[in-house]
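This document starts with one chain, in the form predicted alone, laid out as structure tokens.
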């Protein structure tokens, strides 16, 4: 069983479903409202736990009802929350999510207690961990926590999976500690300045540029276009493709988190990058057929059954 540590966020998702996402200045009535446990870090931790990983979470919540609910939800998934602090002065993170009839979303986040996590908190957690196989991180905590976690994971012999979301420019010092960088096409475009319109040409150019910035491998996820995998090699990078699975999307909110969590589990179990990406694509495909972030995340049995059906079809 892969031992996975996630340094990341806890948010309560406040979700409104609408026929279309309102334009600036526009008010639309008739949406259906729901609340779900979320936050990219928490989502990725739950995804990994449901798929068979032994998961520990490092993060922060507020001393409020949302924080209590999020911690209870994580513990119910079997996630170790010893290193999730409770901040008495800052509210738990909240995400305001609008989802349209095609399953596309618009998200605004108030980070709250997530941004009170410190590098010292992370260092203390790593000092008390027995073993780490994989470190998984999005970018919804302070950057210094990401940097120290990556350095400590490398020293512990763990592989580092970085999901650069929400997009920001990252230093070469951080990127050289990353084993697998997993941006979507928008994040890859932000980081490289290359607008990705062609999977074969633009995505490869962006992946090559990202490889030159430090990580050992890059996976650019592109929704229904699948994922491009780029690995460092001599004399040139090796490119492979993980095809997307055709499904009827209801809500794409946690698709990327399902992919990242699944990828970490498979890599932690010794699968190749290509094999792990195929499994991760299946997990993401299942997730988009369900409403909500964490409620949409599949179990190991569901992903394996999905792949058997697609292989035999």
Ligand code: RIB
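Numbering follows the first chain given and starts at 1. Everything numeric in this text was worked out from a predicted model, so none of it was measured.
The next section is about a form of this same protein that is not shown, the form predicted in complex with ligand RIB.
The contact residue chosen from 73, 109, 191, 222 relative to ligand RIB in the predicted complex is 109, the criterion being a non-hydrogen atom within 4.5 angstroms.
Not displayed here, ligand RIB is approached by residue 254 to within 4.5 Å at the level of heavy atoms in the predicted complex. For the chain shown alone, residue 39 is a contact residue for ligand RIB in the predicted complex, at least one non-hydrogen atom being within 4.5 angstroms. Residue 97 belongs to the set of residues with a heavy atom inside 4.5 Å of ligand RIB in the predicted complex.
Partner contact region in the predicted complex: 39 to 47, out of 39 to 47, 268 to 276, 60 to 68, 23 to 31, criterion any non-hydrogen atom within 4.5 Å of ligand RIB. In this stretch, 160 to 179, not one residue has a heavy atom within 4.5 Å of ligand RIB in the predicted complex; the partner itself is omitted from this view.
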